[in-house]
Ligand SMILES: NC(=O)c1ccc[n+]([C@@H]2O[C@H](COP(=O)([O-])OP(=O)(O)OC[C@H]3O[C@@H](n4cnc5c(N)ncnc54)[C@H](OP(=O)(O)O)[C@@H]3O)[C@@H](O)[C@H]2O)c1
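The chain that follows stands alone, in the form predicted alone, written as structure tokens.
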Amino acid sequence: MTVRWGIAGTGRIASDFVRDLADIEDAEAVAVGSRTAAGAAGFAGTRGIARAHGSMEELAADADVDIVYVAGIHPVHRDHAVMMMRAGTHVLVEKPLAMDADDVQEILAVSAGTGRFMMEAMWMRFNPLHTELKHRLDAGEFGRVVSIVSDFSFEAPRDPSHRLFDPAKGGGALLDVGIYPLNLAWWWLGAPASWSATGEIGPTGVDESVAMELSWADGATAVLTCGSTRNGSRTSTIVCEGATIVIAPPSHSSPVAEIRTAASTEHVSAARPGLHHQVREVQRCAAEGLRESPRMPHSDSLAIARFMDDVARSLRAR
């Protein structure tokens, strides 16, 4: 049976999602919702989507949609996700799940109240390279994780109207890309015992760079950096007791890595990354009647949102 997807939003990430969804044999994008009928019709017409809705309310009322991908800018994630779940539809919500932990808690409460599946679309956790490396770590191949150094920094023009720099559009490097290094560290090490953060607040009032130092009770450490005005390494280096793993840039979506030991260097190549890998997990979980994925559990989404709230507050208190 083909799973019928609705797309809430018509931006670049929505376009990428529809492109990658085509790689799943039992999934199809059947409807799209936008703020305007013209926007929805234009998006649907160029991508072969049958139904175009000129509002999110119309998309939510579409009875022939099984799951909705919430793809709008950060500030609309909560409202769109809540609307779809209350209408009886499962949701995959683009990261960050919401603007802050209070909004995340509301989304989780609605998922619990409606019984609808909900997952934050942290596609890094589903890309083949990352799942292979994590599987090998969990199998004990690399030993205990000692340290993680991960960066996601890039240079973008400082345009005050762009979503990266506009506070009203959810701007800031931490929410947009810092969430990737944080998820990597959380996934491999769990919640830290202590942390500190420094950063730069730009002229529009959003964070343009953030550096975080985390530590765990067993002695493990992480240095996580992100930014939107200067290029960084965009690599991730994970030092374990028995190996050092270097994930090539951009490390959140790389298909290649090196595993270095005292005796050898292994070059690892995996299938191409893409948004479609998480689709399989969403459809599996929904078919089994689950409300969340064990790979991207609600507890991680909430804990990371709370952590980012704390980091943001610490930057503004300086």
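The first residue of the sequence shown is number 1, and the count goes up from there. Keep in mind the model is a prediction, meaning the values are calculated, not measured.
One more form of this protein should be noted, the form predicted in complex with this ligand, which is absent from this view; the next part is about it.
Colleague: Non-hydrogen atoms within 4.5 angstroms of this ligand in the predicted bound form: do 73, 94 and 275 all have one?
Modeller: Every residue of the spot touches this ligand in the predicted bound form.
Colleague: So which of 75-83, 211-219, 228-236, 135-143 is the stretch with heavy atoms within 4.5 Å of this ligand in the predicted bound form?
Modeller: Residues of 75-83 come within 4.5 Å of the partner.
Colleague: Find out whether any non-hydrogen atom of residue 34 is located within 4.5 angstroms of this ligand in the predicted bound form, and reply yes or no.
Modeller: Contact check for residue 34: yes, within 4.5 Å of this ligand in the predicted bound form.
Colleague: Taking this ligand as it sits in the predicted bound form, is residue 186 near enough to touch it, meaning that at least one heavy atom pair lies within 4.5 angstroms?
Modeller: Flag for residue 186 set to no.
Colleague: Is there a heavy atom of residue 117 lying 4.5 Å or less from a heavy atom of this ligand in the predicted bound form?
Modeller: It does not: once this ligand is placed as it appears in the predicted bound form, residue 117 has no heavy atom within 4.5 Å of it.
Colleague: Given that the partner is absent here, does residue 163 sit within 4.5 Å of this ligand in the predicted bound form, heavy atoms only?
Modeller: Taking the distances in the predicted bound form, the answer for residue 163 is yes, it comes within 4.5 Å of this ligand.
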